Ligand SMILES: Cc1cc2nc3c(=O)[nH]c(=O)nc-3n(C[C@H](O)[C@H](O)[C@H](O)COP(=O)(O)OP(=O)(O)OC[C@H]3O[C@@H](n4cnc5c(N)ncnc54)[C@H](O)[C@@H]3O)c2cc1C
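Heads up, the chain below is alone and in the form predicted on its own; it's given as structure tokens.
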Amino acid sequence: MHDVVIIGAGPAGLSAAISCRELDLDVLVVDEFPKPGGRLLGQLHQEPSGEWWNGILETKKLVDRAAELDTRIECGVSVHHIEKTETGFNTHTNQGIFPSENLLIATGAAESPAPIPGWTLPGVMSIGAAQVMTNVHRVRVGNKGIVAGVNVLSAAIAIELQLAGVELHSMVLPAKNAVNKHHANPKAVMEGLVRVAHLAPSPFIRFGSKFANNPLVRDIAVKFFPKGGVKMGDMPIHVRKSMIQINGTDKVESVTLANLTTDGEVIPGSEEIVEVDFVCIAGGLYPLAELAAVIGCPFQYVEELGGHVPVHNEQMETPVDGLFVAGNITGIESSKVAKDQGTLAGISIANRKYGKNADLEFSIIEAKKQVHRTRDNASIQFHPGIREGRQRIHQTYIAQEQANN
């Protein structure tokens, strides 16, 4: 029996494995992807400090450190069931059943693409798929594309695609329908755009974005948004323009765009055809938390964290004895936060294994401080009010513990 099985070899899972091995725990890491790294592999961007964040190199550092510690990492392993036992957990996979005393679920996040008429044509992909093909597999996704969906994720990845030499016509809103109401609303989108305005090349836009935190100013900004869009890199971003149709017979050939009112309604007669050969759809990320539900972990919907997340405390411990979570399954944040959460979870698991001791308790306090520091210094926040969201989920954990005792 392993001391801990870790599901997910992304930044949180790998960091947790390293932390556990440094504390001499027996660890098995499983991941369904052919190689470790998760979403970290696709990331490539420049920090406000000017330094580059290269996900492939960051992954290599983690994998090399895990190898130095003789950490067992099994890729191509799919988990389809988790069973609670008297001594811990049985993790059921396509490669057999792995028993463990503790279990860490670090399955990350999944994309929720916004549906648009014509989105089943070859050449339409999620923005995350374009990121992986470009940055990980070094595959050019097309000659000229367009992004439907303006949010923190799509803005960051669009910059990466431009750095790789991929031509993008523009970023526009998706067609308005029952699913895309929020993503197709110019005022709601402008609120999210303010959080990435510091990445804009124009000092004027970066300065102006400070005032756009005021709702009244945001509404005015939407009303007078430039018809030519606001440029990020070499690509204009439009919040008063929508992609209402993807056109083509056997593949993407063009898209139909239309101008919008400030409330997101299409202005009749404003339609235009733009020739492109690929379309990236971006609807944001949500925590990939199904496996925590399988084992009976309670959930709470926290909008600030990106959706339904497993109830857990600041030590990444859930109400299910021996079950821990870390990374984007606990809320959508940067991979740097996920790494620090993984380290914290690893120490917490060791503390449970060895029966709480002063040294590990001190390490947990320091690891929690590091998570807060990284969160405060993050260049991109996917959702506003992340601290409030974290506080709510932790309070729910405390309330449940008090109710059970």
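Start at 1 and count along the sequence shown; that's the residue number. In this text the structure is predicted, and so the values were computed from the model without any measurement.
Beyond what is shown, the protein has a form predicted in complex with this ligand; the following relates to that form.
In summary, the binding site of this form is open: after superposition of the surrounding C-alphas, this ligand from its pose in the predicted bound form has no atom within 2.4 Å of backbone or C-beta atoms. Heavy atoms within 4.5 Å of this ligand in the predicted bound form are found in one stretch of 309 to 317, 128 to 136, 115 to 123, 241 to 249, which is 128 to 136.
In summary, among the residues Ser170, Asn102, Asn151, Ser335, the only one with a non-hydrogen atom within 4.5 Å of this ligand in the predicted bound form is Ser335.
Only one of Gln43, Thr343, Thr59, Ser363 lies close to this ligand in the predicted bound form, with a heavy atom inside 4.5 Å, and it is Gln43. Within 4.5 Å of some heavy atom of this ligand in the predicted bound form lies at least one heavy atom of Ala12.
Although the partner is absent from this view, Ile281 stays clear of this ligand in the predicted bound form, with no non-hydrogen atom inside 4.5 angstroms. When contacts are judged by a 4.5 Å heavy atom cut-off, Glu32 counts as touching this ligand in the predicted bound form. Though the partner is left out of this view, Thr107 does reach within 4.5 Å of this ligand in the predicted bound form, counting heavy atoms only. Contacts of stretch 283 to 322 with this ligand in the predicted bound form, defined by any heavy atom lying within 4.5 Å, are made by Leu285, Leu288, Leu291, listed in sequence order.
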